[in-house]
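Single chain ahead, by itself, as structure tokens, in the form predicted alone.
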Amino acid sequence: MLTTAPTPTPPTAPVAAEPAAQTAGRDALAAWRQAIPTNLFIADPSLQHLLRMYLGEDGYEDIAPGLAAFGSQVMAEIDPAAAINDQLENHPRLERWDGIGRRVERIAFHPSYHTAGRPVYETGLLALSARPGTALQQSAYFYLLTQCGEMGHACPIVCTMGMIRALQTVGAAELQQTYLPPLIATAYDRKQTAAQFLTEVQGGSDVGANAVQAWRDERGAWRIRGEKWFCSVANADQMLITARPEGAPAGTRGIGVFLVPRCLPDGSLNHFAIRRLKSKFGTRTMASAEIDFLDAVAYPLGDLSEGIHIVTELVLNTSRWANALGSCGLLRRATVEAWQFARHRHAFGGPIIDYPLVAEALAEMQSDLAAALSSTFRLSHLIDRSDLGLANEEERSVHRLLVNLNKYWTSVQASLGIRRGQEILGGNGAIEEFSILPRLYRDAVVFESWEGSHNVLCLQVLRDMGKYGLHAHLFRYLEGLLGEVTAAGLYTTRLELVQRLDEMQRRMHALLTADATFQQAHVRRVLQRLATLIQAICLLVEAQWELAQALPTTKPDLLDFFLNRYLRSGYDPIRDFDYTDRLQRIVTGFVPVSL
């Protein structure tokens, strides 16, 4: 009789007692994790000060409770769910057919995706779009949210904001009645999301090369035919699509904009097919795809001859504004993680935050964060003024220029800053399970290419300055901001920035009067300097306000450090005898949680 031999029991290896040094090191890492703020709004005085400066005390008090509640939700609910959702086995997957063979073109998400998304929509973040003058409030919510990374929902929210603005501005009445309400719904299970599908394989940023066609069928309904190459939010319920109507001219002048619903009025699937999902470096829990439109039913948005204008002014400008907010959120979380890690990590006899090289890296992250947040909330303020009908021509011109320039530079600052944070964490900074920093960095790289590459944005700014003279409005606006600064302690810095502004005007004149080859060769370095000058002036205005309110502030030191890095060409840190003391003031002044 055959018998089965018993499975031998593996010997239990004795567990050696952990050396005291290792226990202490592990305890320090545990203390670091416990020190990360549990409420991102309460732990962020800079954000609170910005909102108070722009909204006044009454306006701030109206929105602060909601932001405080959300700041807690982000860390208690959204952040852990986002971490689970980003695990490779939990990424979205494409389901082309249902169980009985019907085409569904469905994106299936892990349950953690919905756990992360539900509290976001329930805040009313998108519902705020129904009311003008709420851009600053939306900015604060979105900035808090993106401290978890893109996490699968930030991009859909931004795209939905763009569709809302397009429908509100150029949508026909019947389209507004049908498609606006679900976009601003706060019930997660009833809301709809939108997407914007512009890119085609042959054109990329060259939208004028697009080949997707729009045509009318025998009943006069519009149909869309062709392939879109990079379709983020492939699960969208409403798709904003660029297409060339039959008989339209070549180039961007012939591009129209259409709303393509995922489902037709009878509930059946519209006529499109998802080829495949993209495997991306970052933003991996948000589904991006290649999609074929197979004579899909579509509805024009606005005058078809104004398509590129509608896309740029209403959709892309909304996305570029929000992209900058997202870059600020990524950089803020990386800065908090690195700062707390440096406090708790000991090496060579002390906490590494005491070492000047670490302090310098933290100060670079903090100054870039303060600068990016400053210019981006200035942009939010301009949007509010425009939506409320308060903006003058100068402010509208500044918005048009700044929305492109700011998106470019804040995305660069975020990626570089997060890399500095990873450097502070050392080898641990590359480990996905150790911290959020690898995911933040991957998302930041994608943020850099969204809504126009760096070159495209810089050339757009160059065209707007050359064709419309927007730089003249910008320089007058910045002069006005400098005129608001009266604090005695900021007098010398104000005079310096007045001088830098004069220099920039001369530099811009030299650029704009040169030939096209010279302009393209030098535009990025000139605009980078312009972006940092704008940020420095915005920071100076904030320092003025904080000093006037008798608030504790590190803005003067942050601004001085920022100027040394970017705008003082003759600055030599070796001859700066206050350098290490300034680093310590900056680093110790950054307190993201009550200690």
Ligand SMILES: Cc1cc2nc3c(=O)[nH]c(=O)nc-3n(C[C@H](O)[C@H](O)[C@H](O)COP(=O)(O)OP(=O)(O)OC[C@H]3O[C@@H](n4cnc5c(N)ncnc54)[C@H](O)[C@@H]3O)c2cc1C
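Treat the numbers as computed from the prediction; the structure is a model and nothing was measured. Position 1 is the first residue in the sequence shown; the rest follow in order.
One more form of this protein, predicted together with the ligand, exists but is not displayed; see below.
Exactly one of 356, 351, 204, 251 has a non-hydrogen atom within 4.5 Å of the ligand in the predicted bound form; which residue is it? Among 356, 351, 204, 251, a heavy atom within 4.5 Å of the ligand in the predicted bound form occurs only for 204.
Check each of 192, 319, 85, 199 and return the one that places a heavy atom within 4.5 angstroms of the ligand in the predicted bound form. Residue within 4.5 Å of the partner: 199.
Within 4.5 Å of the ligand in the predicted bound form: all of 93, 268 and 272, by heavy atom? Judged in the predicted bound form, none of 93, 268 and 272 sits within 4.5 Å of the ligand.
Which among 276 to 284, 342 to 350, 252 to 260, 145 to 153 is in contact with the ligand in the predicted bound form, heavy atoms within 4.5 angstroms? Only one stretch qualifies here: 276 to 284.
May I ask you to check whether residue 429 falls inside a 4.5 Å heavy atom distance of the ligand in the predicted bound form? Residue 429: no, not in contact with the ligand in the predicted bound form.
Spell out, yes or no, whether the shortest heavy atom distance between residue 288 and the ligand in the predicted bound form is within 4.5 Å. Taking the distances in the predicted bound form, the answer for residue 288 is yes, it comes within 4.5 Å of the ligand.
May I ask you to state whether residue 231 is within 4.5 Å of the ligand in the predicted bound form, using heavy atom distances? Contact with the ligand, yes.
Is residue 450 near the ligand? Define near as a heavy atom within 4.5 Å, in the predicted bound form. Within the cut-off, so yes.
Within 4.5 Å of the ligand in the predicted bound form: residues from 454 to 470 (heavy atom criterion): Contacts from 454 to 470: 455, 456, 459.
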